[in-house]
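The chain below stands alone and is given as structure tokens, in the form predicted on its own.
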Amino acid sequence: MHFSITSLVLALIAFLALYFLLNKYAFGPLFSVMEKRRELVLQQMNEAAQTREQAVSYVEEQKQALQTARKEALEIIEQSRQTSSKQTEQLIESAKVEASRIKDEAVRDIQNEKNKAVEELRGELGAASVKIASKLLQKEVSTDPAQEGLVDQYLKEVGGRS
């Protein structure tokens, strides 16, 4: 192998010239592109971190909203139960009042019918008493209003004692 200083110097000069040209025209733009790429990657990483933080906060907000909705739903259900219980109690109470009213009306109607029947019976009994008395006396008793009044009065006295 043969070593020559001139070829070493020429190789060194060629290397330095190539380095100077590459540094001026190739390395500068290449390093600039690489720096821009590095900044872009850092920016995207920062944006991704921010997006992840926003997503986490959004998930937390959604969890809180869901819990709030569940609580509201449970409150609505409880209110519905209470309202239903109150309405049931009101319906039962109104049914009791209505049944009591109907019963009272029925008792009044029965009493009225009883009174009518007693009055009719008294009238018939008075007429029958007059017929019986006239047969017993074997004479005709007139159907004078005064006599019927006396019979009615007597029946009322007898009816009042029993």
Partner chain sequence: MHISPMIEVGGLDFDLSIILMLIVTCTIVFVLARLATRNLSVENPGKLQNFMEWLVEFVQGMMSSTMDLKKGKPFLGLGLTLILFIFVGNMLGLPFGIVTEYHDVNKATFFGHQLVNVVEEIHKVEAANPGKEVEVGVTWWKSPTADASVSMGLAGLIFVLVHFLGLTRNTKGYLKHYLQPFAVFLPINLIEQFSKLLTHGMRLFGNIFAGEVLIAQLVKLGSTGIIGGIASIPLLMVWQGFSIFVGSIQAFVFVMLTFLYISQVIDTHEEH
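These numbers were taken from a predicted model, which means no experiment stands behind them. Residue numbers count along the first chain shown, from 1. Between two forms, the rigid core is the largest collection of C-alphas that superpose within 1.5 Å.
The same protein also has a form predicted together with its partner chain, omitted here; what follows describes it.
Q: So its partner chain isn't shown here. In the predicted bound form, which residue out of 55, 26, 65, 45 has a non-hydrogen atom within 4.5 Å of it?
A: By the 4.5 Å heavy-atom cutoff, the listed residue in contact is 26.
Q: Looking in the predicted bound form, is its partner chain within 4.5 angstroms of a heavy atom from every one of 106, 110 and 128?
A: Not a single listed residue reaches its partner chain in the predicted bound form, so no.
Q: Examine residue 15 and determine whether its closest non-hydrogen atom to its partner chain in the predicted bound form is within 4.5 angstroms.
A: Output for residue 15 is yes: heavy atoms within 4.5 Å of its partner chain.
Q: Find out whether any non-hydrogen atom of residue 146 is located within 4.5 angstroms of its partner chain in the predicted bound form, and reply yes or no.
A: Answer no; every heavy atom of residue 146 is more than 4.5 Å from its partner chain in the predicted bound form.
Q: Does residue 154 reach its partner chain in the predicted bound form if we count a contact as any heavy atom within 4.5 Å?
A: Heavy-atom contact with its partner chain at 4.5 Å: absent for residue 154.
Q: Is there a non-hydrogen atom of residue 114 within 4.5 angstroms of a non-hydrogen atom of its partner chain in the predicted bound form?
A: Residue-level check for residue 114: no, no contact with its partner chain.
Q: In the predicted bound form, which of the stretches 57-65, 119-127, 97-105, 28-36 has residues with heavy atoms within 4.5 Å of its partner chain?
A: Looking at the partner contacts, the answer comes out as 28-36.
Q: Give, in sequence order, every residue of 6-20 that has a heavy atom within 4.5 Å of its partner chain in the predicted bound form, or say none if there are no such residues.
A: If the 4.5 Å heavy-atom criterion is applied to its partner chain in the predicted bound form, 6-20 yields 6, 7, 8, 10, 11, 12, 14, 15, 16, 18, 19.
Q: C-alpha of residue 21: shift of 2 angstroms or more between the shown form and the other one, rigid core aligned?
A: Not so; residue 21 is displaced by less than 2 Å.
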